[in-house]
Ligand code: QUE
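This document starts with one chain, in the form predicted on its own, laid out as structure tokens.
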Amino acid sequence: MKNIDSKGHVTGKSVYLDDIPVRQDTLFAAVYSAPVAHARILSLDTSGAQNFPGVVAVFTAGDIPGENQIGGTIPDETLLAEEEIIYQGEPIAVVVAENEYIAREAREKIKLEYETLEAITDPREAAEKGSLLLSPRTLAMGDASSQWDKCSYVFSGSTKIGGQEHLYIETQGAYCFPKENGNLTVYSSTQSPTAIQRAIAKVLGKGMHQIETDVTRLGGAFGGKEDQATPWACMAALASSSLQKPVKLVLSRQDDLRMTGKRHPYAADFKIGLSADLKIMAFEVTYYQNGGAVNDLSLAIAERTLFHATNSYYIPHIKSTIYSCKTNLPPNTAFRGFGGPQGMFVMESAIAKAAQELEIPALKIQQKNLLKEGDLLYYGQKVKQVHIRKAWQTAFREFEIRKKQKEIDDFNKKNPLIKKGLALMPITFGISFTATFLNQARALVHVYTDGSVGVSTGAIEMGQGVNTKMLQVTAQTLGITPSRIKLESTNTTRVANTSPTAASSGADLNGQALLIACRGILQRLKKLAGELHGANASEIDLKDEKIFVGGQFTGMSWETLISEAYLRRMQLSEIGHYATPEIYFDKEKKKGSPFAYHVYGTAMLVSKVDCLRGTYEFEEVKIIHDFGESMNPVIDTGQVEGGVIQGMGYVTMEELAYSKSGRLLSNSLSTYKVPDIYSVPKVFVVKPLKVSGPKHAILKSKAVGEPPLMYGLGAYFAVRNAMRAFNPGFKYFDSPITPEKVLLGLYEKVKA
């Protein structure tokens, strides 16, 4: 089945937040935000804005009827700043006017007096000064400190890993309608409808039952709308509730870039010890996570970094520590991979460092240490159905990697100013929310008297094709054509207490809940069909909208069966509830099995570097990926392709830049570059690994949202290997490896 949204997207008929017809009495909001990164507020004069023609109201912290607090996991984030500014772009006031142009012009009339305070932007500096979001966290297995003397080789190093802008096509926004009896309906561009509902209720001093959040689809999110859609919805709701009029708040691209958090930049120090036969005996790593001004999701992201510190390798002695550092930047937040890419990058850097010192290809160390069935991950989970060695071996065979490396070596000998580099990137990525309680979902299914079906789940469609998969689950389970099925918008009144559509678990959690609901209806229908045809329910099959007994068509159609069920007053609606079994993590003991399963794969990446100009391109990216038993190969392959390119952009051209005073310098699409069609590898191959799927994946089809991004990390090492063919002395691990950094690195301490 093709993506059911494709036609709507390409014809412009798909409805996003900004496509919702605007009611005649709608007002528009714009946010006045902090002009500096850290300051004490001395006075705030909003009269200039309030008296501006066309302005209806200006809201500040003093106008909030409930709590001025929107922190989702830790109550450390105000909706509107009160006494202190903690990052440039922090919301201070909301201007509501007859149209958005007036609102944006009027906000410039607000006068703010402040006393500038010291701003911290670097995570290492924050750690030195004790500016932390929470105490450092450590996970360990064995005793790494006792192993160094036993190792044949010990190497140390440091890395820098930049952040990444989400750059979703649809910016942050919300549209709020007042209803009778103090109720509100909020249309929000969010991955977390329940989080929006909960935060608005707190800010307005209402019950969650009075707030209805509705989402049709998002124009992209990548994690940036998991937690950070909340403030804009709360501001729209504050104004709408107070003025009793619809209020729409949609950020401009410039405001979105300036006011929202990004992927967390990290700095890290590592130490790796190997045996004579290249087994990794010990590994120690300390991460410095740049969390920004408030927690947001930093602590959960830090936890996933720790869980993915070893990537695809078994290491018997390991200690990893992370400092979640509080800086005066916008709160950094979820981004596809959720801390996993940073942890994996450091691991691969440590291997590359060891390989460089030993003057051997990194793949020798990688291959020697790959996980095998039954290995214990250092946080206590025993891996099952481990496919990383099979993926690695399949990639070697299918892509003729030894032959490719020889071709590259021969090319480099003949070309003094053009060099090529090859890197392999194995991945092992855990699927589940690391906060165990979030691994739950509900679905609501109605079968109408004409045989048509309405489906509501907690899944948010944001371009990843989850709606198509929900349609497939329903049609396949009930044995009906997809045209009979309507997927409703995601709505907190129809499906309550939704978990975010995140952690690559949207299809698994919501699909399993939907499967339970459909099976509940199916079992009742089979029992009825059995009674009508003198058979046991176990003998009944529903397929192609026909009823079969023992494989023989009965002559009864789906519509006839549904009509009969209604006449007999049978329940034709069902709620499905699913909670992922067998997962847990003891935060006190720091051990457990937090993931339902892992996704495996191996990528080969080949780069070509112009050593005169510092520019580069990617000739080949070839991947063996573990889809499990893909229920939709077209959608899943597309997810791999998109994820890889986003990961490649992350470590090559996408460079976030802040001034020391905390001002975003890469604040437009002229100063922040993302991959375009010219960045796509000339040869791009994705092949499925032929393996069975795990039971906790929906229909044994593995999650495919986040894992493919990790393949893109290999782009950094492919470019770096090409650089080292020109300058063997190049030693740094500083991502992203932009053309400027390449050019400097090519001519740094060139060996004679």
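Numbering starts at 1 and runs along the sequence shown. This structure is a prediction, so every number in the text was calculated from the model and none was measured.
Although not depicted, the form predicted in complex with 3,5,7,3',4'-pentahydroxyflavone is the subject of the following passage.
Contact with 3,5,7,3',4'-pentahydroxyflavone in the model of the complex, judged by any heavy atom within 4.5 Å, is made by just one of 599, 422, 395, 503: 503. Checked against 3,5,7,3',4'-pentahydroxyflavone in the model of the complex, the candidates 226, 165, 461, 626 yield a single residue with a heavy atom inside 4.5 Å, and that residue is 226.
3,5,7,3',4'-pentahydroxyflavone is not shown here, but in the model of the complex it comes within 4.5 Å of a heavy atom of residue 73. Using a 4.5 angstroms limit between non-hydrogen atoms, residue 438 touches 3,5,7,3',4'-pentahydroxyflavone in the model of the complex. Using a 4.5 angstroms threshold between heavy atoms, residue 383 stays clear of 3,5,7,3',4'-pentahydroxyflavone in the model of the complex. Contact check for residue 554: no non-hydrogen atom falls within 4.5 Å of 3,5,7,3',4'-pentahydroxyflavone in the model of the complex. Checking 395 to 403, 368 to 376, 661 to 669, 331 to 339 against 3,5,7,3',4'-pentahydroxyflavone in the model of the complex, the stretch whose residues place heavy atoms within 4.5 Å of it is 331 to 339. Along 577 to 597, a non-hydrogen atom within 4.5 Å of 3,5,7,3',4'-pentahydroxyflavone in the model of the complex is carried by no residue at all.
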